[in-house]
Structure formats: structure tokens, C-alpha cells
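Just one chain is shown here, as C-alpha cells, and it is the form predicted on its own.
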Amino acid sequence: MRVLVVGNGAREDALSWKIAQSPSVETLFATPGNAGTASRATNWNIPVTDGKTILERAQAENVDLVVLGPEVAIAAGVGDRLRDAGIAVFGPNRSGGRLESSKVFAKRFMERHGVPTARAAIVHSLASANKALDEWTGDGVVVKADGLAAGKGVVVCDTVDEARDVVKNWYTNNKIPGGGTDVLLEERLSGREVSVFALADGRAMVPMAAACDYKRAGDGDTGPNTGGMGAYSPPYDFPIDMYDQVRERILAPVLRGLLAEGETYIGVLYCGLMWTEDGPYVIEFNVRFGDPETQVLMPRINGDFAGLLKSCADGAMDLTLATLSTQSCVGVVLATNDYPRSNTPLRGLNPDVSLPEGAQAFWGGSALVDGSVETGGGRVLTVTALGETIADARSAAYDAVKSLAKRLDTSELSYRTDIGAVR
């Protein structure tokens, strides 16, 4: 099988790493790829949203399966174009992608189909936002931009006054992340966050794996929100029937709703959940694998992962093709010191990020140039390690970070020191 992975982040590096190990895979491509994918795949210099050129190259290379990584490719309709041409795609069409590309659409979809989610008000202007906040009841407000905002469109506010300041800044300065005018004001749920990833083949939706990530920049969940500074899998101290509850309360009504609305959803559904006293509630949906969660899920997968994705793309999911290890995995993100305030490009990095067995490093947005790595800044590497327990995996992951520090100039990189430090 000839497989193309679309994307250039650490998520796609991890996906390509696991797909390359699949016995069903003969040749691997990535577009545009990064310094990591270049070690195992042929990188194409095609932007992830250029569906026309991706299709032309995929046809010329006789690609059998395309795996869509980033949400922007899905929102641009790349999957639609490839499927229309007869190429198997793991990833939803643009219409199904609205579960992520529009938080307003997702909220209304959940309300239509009885999916447990937070109470929310949908506003379209500063005046309507202030009116909704005048009537607000509850502990805190979560302010969410409607469109895609690279993980930076959500602000958790402790008070109504804080929420007023956020929406005033967004509306008066045309700073709504992702653009547009629609904003969600959502009640703040109490509990523990967990990300559950379900595979879908258009007819079924089955939970595959779960992880917990760390969104704040600093130790102890301090500092601004980021795209994610680390993760661990499996989740710690959740109900033993977690997957059964998610299947019944979340996935079943979502699948029924999609089918009722004429949507054939193929790919992964990332359920960002708050586990409350009343069970799981949806905070948000994403329509692709997460970053950094993918980096801690892929090391736990055994078997023909590419074959499993192809079976989903063909509409006949075969869960026997790949299994999930009982081992734990912890991943630590190394980011530039100014992240997420800005992204400072780095040049001349050592491409050798090889680590002892059980540990792995995945490059973020980057390229190999004259034998060294150049990055666009932000999240540069995710370092992961396996262990029999989360504590074991955490210890091994930070040992791997220290090992890399001897080969990389880490003075311009920083990371959290409490990833996986579960109580």
C-alpha cells in the first residue's frame, strides 16, 4: 500500500512513524512533511490546503490511502476532492469537519441530538455578548471563538467581568481568533478533562484510545493557553467503564445525528470531555488526531495501523488489525522560550534526535536544510517514552529530554517539568 500523510507537525511525524511500521505499507509520502517525516517518507512541497495539487500528485504516485492530519486541510475540502477522484481517505469531508471548524455548528448539533454539553449562549456582536452576560448565572464563563484558531480561540474566565473584557477586546479590535463575528459564551464545567479518540467508518464509531493533555504554558497549569505542552496515556483514575459511558452517552447520539443529517463520517472523532459528577460532557469536538496526544498514542499501538485506517476509509472498520498496548506513554513538548506569545524561528538544529528503545522524539513544523533542521518556532519537539506505569514513563521521558539536551542547544527551548505528575 502507498500512503500519503497530509501535514507537517509533530502529530504527522508520529502518524508517519507508526504507519511506516505497518506491514501493509510499501511506500510512504508526506506533504509538506517535516524533518522527521523526511527520514522515512518522501516529502512533497505542497501546502496542506492545496487539494488540487495534492490530488494530481497522489494520482501520479498511485497513492492508495491519504491520512489527513490538520484541521485546516479538512476545512479546505481536501478529503472531498480526493474521495471524488476515487482515492481512499482517512479523514472527514468538509461538511463533517464543521464539528470542529465551527463551534456554533457543533453546539447546535449537540443540542439537536441530545449530546451532553455545557449550557451556552451564541452571540454575534459586542451588544449581544453584553446582554447575555448581564443575564449570566453560574461559576465562570468560557469564551470561545467560532472558527479555527490553532488552539488559541478559547479563554476561561473566572468572572463575568473578565469575560466582558475578552469580548470587548475581540469585537472592538477585530481580534476574534479565526475571524468571523460569532462567539460562544459557555458555562464552565467542573471535573477532569480527558480526550477520547474514536474511529469511524461511516457506519460505526468506536473509542480507540484516550489521553490527558496539558494546555497551559507553565508548570501547575499556569500561564497562557497553548496548543498543548505535553500529554500522557492512558488516563489516570477515570471510571473503569469510561469507554462504555463515552460510547453510550456521546458516540451513539453523535453517530445517529450524523446519519440522520446525511453525513458519512470517516476518520477520527476527538472528543474533548469534562468528566463531571454526572459523567462525561463534551467541551469540544475535533475531527482529527490531537497534538500532542497523537505523540503518546502512537507508541502504544501494535499491529497494522495503516491497515486499520484503510479499513475505516473503505467503510468496513477491522479492529483486529491493530491493538493498544497496556503500557503507559508520557510526552513532553519542547517549545521556544517565547511560545505562545510569538514563534521565533530556529536554525542549525542537530537532526539527530535518536533515543534509546522505548523513547522517541517527534519534530514539529520544520525542514531539513543543508543537513540541519530549521523550525518555524513554537512547539519544536515532542519527546515521548513508554513505561509499565505513568510514573515509569514520566521518568523515562524526562531522562530522554536530558539526553537530547546534550545534543541540541536547548537554551532557546523550554518545557514543563510536571507532565505526567499524576497524584
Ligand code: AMP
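Model, not experiment: these values are computed from the prediction. Note that residue numbering begins at 1 and tracks the sequence as displayed.
One more form of this protein should be noted, the form predicted together with this ligand, which is absent from this view; the next part is about it.
Item checked: Listed residue (A252, L324, V72, V142) with a non-hydrogen atom within 4.5 angstroms of this ligand in the predicted complex -> Partner contact (heavy atom, 4.5 Å) among the options: V142.
**Asked** this ligand isn't shown here, but in the predicted complex which of V154, I122, V206, M242 has a heavy atom within 4.5 Å of it?
**Response** When this ligand is considered in the predicted complex, the option within 4.5 Å is V154.
Report the stretch among 305-313, 82-90, 339-347, 282-290 that approaches this ligand in the predicted complex to within 4.5 Å, counting heavy atoms only. Going through the listed ranges, the match is 282-290.
**OP:** Although this ligand is absent from this view, report whether A132 comes within 4.5 Å of it in the predicted complex, heavy atoms only.
**Re:** Looking in the predicted complex, residue contacts with this ligand do not include A132, since no heavy atom lies within 4.5 Å.
Give a yes or no for R256: in the predicted complex, does one of its heavy atoms lie within 4.5 Å of a heavy atom belonging to this ligand? Heavy-atom contact with this ligand at 4.5 Å: absent for R256.
task: Tell me, yes or no, whether V160 is in contact with this ligand in the predicted complex, where a contact means a heavy atom of each within 4.5 Å.
output: It does not: once this ligand is placed as it appears in the predicted complex, V160 has no heavy atom within 4.5 Å of it.
Review point. According to a 4.5 angstroms non-hydrogen atom cut-off, is D201 in contact with this ligand in the predicted complex?
Key: Judged by the heavy-atom cut-off of 4.5 Å, D201 is well away from this ligand in the predicted complex.
ask   = Along 158-189, which positions have a non-hydrogen atom within 4.5 Å of this ligand in the predicted complex?
value = If the 4.5 Å heavy-atom criterion is applied to this ligand in the predicted complex, 158-189 yields E186, E187, R188, L189.
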